[in-house]
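Below you'll find only one chain, the form predicted on its own, shown as structure tokens.
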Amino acid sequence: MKRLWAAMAILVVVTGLCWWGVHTTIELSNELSSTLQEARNAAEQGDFERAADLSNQAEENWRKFHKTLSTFIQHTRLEAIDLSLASLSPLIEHGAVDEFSSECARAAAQIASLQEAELPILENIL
């Protein structure tokens, strides 16, 4: 009977950790995607200062969650997003609006892919 209770406790802990990982990934993905979209819109409207601030904010939020995400997501996936977010500020500071918008879209697509890869759906399980 003790083994059954131990197995149930392990199941509850593992399920809780999985839920926490998915929840964290979804929360961060949604937050970053909206910030990147706002930055892209600001750059296209000519508000370069706001676009730079938003891109810096997105990078700060990413760094805040990076250690947490690296516990359950491959580092190569995270590094690609690191590079995209790090390139945003220099692009907008030099007035490269088209490249900035393109890199925002690229980072948003990488983040969406990251979110989709972490969802517990049949494609990801098998």
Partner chain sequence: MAMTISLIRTLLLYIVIIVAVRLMGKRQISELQTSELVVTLLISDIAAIPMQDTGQPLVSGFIPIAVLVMCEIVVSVLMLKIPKFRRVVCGRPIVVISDGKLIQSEMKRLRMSTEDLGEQLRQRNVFSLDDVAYAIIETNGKLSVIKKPDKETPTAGMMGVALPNTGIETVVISDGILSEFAMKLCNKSPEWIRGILHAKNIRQEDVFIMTANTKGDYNIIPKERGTSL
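Note that the coordinates shown come from a computational prediction; the quantities given were computed from them, not determined experimentally. Residue numbers count along the first chain shown, from 1.
Below: the form predicted together with the partner chain, not depicted.
- The partner chain is not shown here, and in the model of the complex it never comes within 4.5 Å of any heavy atom of Ile121.
- Although the partner is absent here, Asn30 lies well away from the partner chain in the model of the complex, with no heavy atom inside 4.5 Å.
- In the model of the complex, at least one heavy atom of Ile73 sits within 4.5 Å of a heavy atom of the partner chain.
- Within 4.5 Å of any heavy atom of the partner chain in the model of the complex lies no heavy atom of Ala109.
- Here the marked residues Leu83, Ala86 and Ala96 all miss the partner chain in the model of the complex; none has a heavy atom within 4.5 angstroms.
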